[in-house]
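Okay, here we've got a single chain as structure tokens, the form predicted on its own, with questions on binding and movement later.
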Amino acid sequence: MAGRLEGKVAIITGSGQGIGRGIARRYAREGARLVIAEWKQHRAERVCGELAELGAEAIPVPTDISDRGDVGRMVEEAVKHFGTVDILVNNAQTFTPNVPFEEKTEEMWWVSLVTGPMATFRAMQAVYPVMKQAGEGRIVCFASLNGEVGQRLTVDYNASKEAIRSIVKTAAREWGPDGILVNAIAPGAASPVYEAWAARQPEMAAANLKTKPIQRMGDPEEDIGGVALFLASDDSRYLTGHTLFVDGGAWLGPSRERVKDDPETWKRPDRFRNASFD
């Protein structure tokens, strides 16, 4: 039985570990041919070996997403080896230290901007002619709940992710007539970065999970990869310009328990208007 991405060619940035690796494995299981665009050569080669065991064809392409030339070569290598690019997943981004707003430096801002919205923009521009000629394409970008809620200590990262959401909406509007669909995922996943933080702050991590409707972190391959598969497949052929919060409901915010000050209140037709909350 053919997979949902049988024969499709996908470039996935930052796919040497974490979410990118999870998506690559999920795509491989569905028949995709893959470009593992990864900064560290040994990671790219390791993942290509894993994908070969799954029966998928994959090539490692060392890519520094902060370098315009590298991003262009990434697409060129994909076309040279596979003949086309059907799917682009802009997953990679470099993190900066978590420090208060007033301590963020211009250097930190530059790292977030050049590896976030600029890298996303450059990769999309590079792949656009290929997808336009084919008359179709799928682009999946990565946003963050941090930007949506204004998370503390990550102002540069927050701004970069909100910029990516704007890029997604603009490209979706402009490139829809060319058959190119563009969407974003804001994930909550057990990535290496998350796991390192959770190991340092186990009590805080456990408390954070309890605030979510689905009280666990997402699996990069099964949970995040599943939605990335949906966005790359024909199942999403009428969806563009959206950000999907794939975070177990964290985007809803912490639950607030309803307080029943007067039991009789709950018997009245207007009970919801009169109910009080903490």
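Numbering starts at 1 and runs along the sequence shown. Treat the numbers as computed from the prediction; the structure is a model and nothing was measured.
Quick note: we don't show the form predicted together with a small molecule, though the next part is all about it.
This chain appears without its partner; in the model of the complex, the one residue of S112, T154, N91, N183 with a heavy atom within 4.5 Å of the small molecule is N91. A single residue from the set A78, A189, A123, A171 has any heavy atom within 4.5 angstroms of the small molecule in the model of the complex; that residue is A189.
Although the partner is absent here, E45 is not a contact residue: none of its heavy atoms lies within 4.5 angstroms of the small molecule in the model of the complex.
Within 4.5 Å of some heavy atom of the small molecule in the model of the complex lies at least one heavy atom of D64. For R237, no non-hydrogen atom is located within 4.5 Å of the small molecule in the model of the complex, even though that partner is not displayed. When contacts are judged by a 4.5 Å heavy atom cut-off, R138 does not count as touching the small molecule in the model of the complex. Just one listed stretch, out of 79-87, 124-132, 93-101, 173-181, contacts the small molecule in the model of the complex at the 4.5 Å heavy atom level, and that stretch is 93-101. Every residue in the set G14, I19 and F142 has a non-hydrogen atom no more than 4.5 Å from the small molecule in the model of the complex.
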